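Next comes just one chain, in structure tokens: the form predicted alone.
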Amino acid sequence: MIYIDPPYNTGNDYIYDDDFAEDTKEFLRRSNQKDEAGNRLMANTESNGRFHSDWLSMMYPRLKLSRNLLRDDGVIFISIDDGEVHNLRKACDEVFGESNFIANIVWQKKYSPQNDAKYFSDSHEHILLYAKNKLSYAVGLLPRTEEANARYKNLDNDPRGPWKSSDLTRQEYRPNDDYEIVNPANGRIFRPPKGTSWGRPKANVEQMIKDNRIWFGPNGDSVPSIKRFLSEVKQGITPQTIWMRSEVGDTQEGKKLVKDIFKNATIFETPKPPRLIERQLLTAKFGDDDIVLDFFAGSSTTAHAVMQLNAKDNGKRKFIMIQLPEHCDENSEAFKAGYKTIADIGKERIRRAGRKIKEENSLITKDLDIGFRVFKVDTSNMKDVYYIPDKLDQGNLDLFKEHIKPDRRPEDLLYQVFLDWGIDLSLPIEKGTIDGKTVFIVDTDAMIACFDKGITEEFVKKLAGYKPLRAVFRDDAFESDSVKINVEQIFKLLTPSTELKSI
């Protein structure tokens, strides 16, 4: 599942300003909105030109990538306001296909009206839901509530358990379904009210009476109705397209929750409530070990919601949060509290929320995994080569004696191998020492790695004894050329299924 709460189009500049082919100044001049001297020629420029197109140009490639990242039965939820919902819907129709539209969910984000609103007080937002492949998607049912189950009683001690009555009449007249129903207990005859008819054919109703599925009231003189048993209804509630604040929270709840986590400091202005994301996880039919991606992470409400839901049902769901290091305003409480970027806020929120969830659910969250790893986009670990072969000479060969950049740690090389091999970045890693060399053991036997120099045959034999699926070394780490040649033979002899790699 993917959930995004992108920056809404308020007409401001975007931190996510991609490289458009034509800058705004040039466009305004070419479209006769400004003259050569930069003077405005048209009023209300926000409703002209690139006001919507800049925002859509930022969103479109991210939507395309989202579709590629989703599994075939995956879905994407996108929060948006009235300002761009119509444009976003068209963009999503193009990227995901109009046939893969699932719902436009209306979320009640506020309860109290804003009396300073110019026209109407805005109390809702939209959440667009699209599937990658609608035919592969099955909607997740919401848990049945005690309130919903309380409507079922067992007034006649039926052995099939609690039931509730449902109307048997149809609000239109059909001659074939206008017939008498007789209560076999007292002979009382019933006809449908004028202008209506019974909702089932006569033969079906007679069979239901024999099966004690028609209820005539406690005294046997009430209009017949159908008994619907709790044991036979779906063990869940079909989600609706209106999500009330009482069910999923509102903006005030989201803000208060973050404020509590950060010791009464207003660190983030517009966080979504975790209950809203929890509802999405449930309706997405999100598996216990599936992944949710949020590439406009903000304060990382999505991560908070995943940990919270895992605590409730002992799930193993994972999250990936992506956030640009957007700088906090120097006058903001966040900056004064020591958070320089939005990404810093998100990381600290995950730490604090995880600890809080474990503390509040200590009896049931003993094994709850609240750990996470932080990665930043960087350049290659390998030195950049600027010379073509013809330009190399004896004088500059020493520049390439070390092929790995000097500021890179063994962990940097380890995660490069994770990416090269497509290994799950969340696998457990044990860091240890063998013969004085640092060794990384990934998920018991998924991989073993050592990036220290001076690798000997005896050391390689000890690593092979772990029988890992993969083993990796630095290309220049071996004690001699003969050791490097023999490594492959040692692994073939001791653990032939191990895949070797040198970087």
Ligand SMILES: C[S@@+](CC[C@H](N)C(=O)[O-])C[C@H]1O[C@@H](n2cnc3c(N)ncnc32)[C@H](O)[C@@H]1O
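So that there is no doubt, residue numbering starts at 1 and follows the sequence shown. The structure displayed is predicted, hence computed values, not measured ones.
Keep in mind that the form predicted in complex with this ligand is missing from the display, and what follows is about it.
Looking at this ligand in the model of the complex, residues 7, 58 and 342 each place a heavy atom within 4.5 Å of it. Proximity to this ligand in the model of the complex, taken as a non-hydrogen atom within 4.5 angstroms, holds for one residue of 138, 419, 324, 244, which is 324. When you look in the model of the complex, the only residue of 186, 266, 270, 104 with a non-hydrogen atom within 4.5 Å of this ligand is 270. This ligand in the model of the complex is not approached by residue 75, whose heavy atoms all lie more than 4.5 angstroms from it. Shown alone here, residue 297 lies within 4.5 Å of this ligand in the model of the complex, counting heavy atoms only. Although the partner is absent here, residue 301 is a contact residue: one of its heavy atoms lies within 4.5 angstroms of this ligand in the model of the complex. Proximity of residue 470 to this ligand in the model of the complex falls outside the 4.5 Å heavy atom cutoff. Figure note: of the listed segments 228 to 236, 200 to 208, 316 to 324, 423 to 431, the one touching this ligand in the model of the complex, with heavy atoms no more than 4.5 Å away, is 316 to 324.
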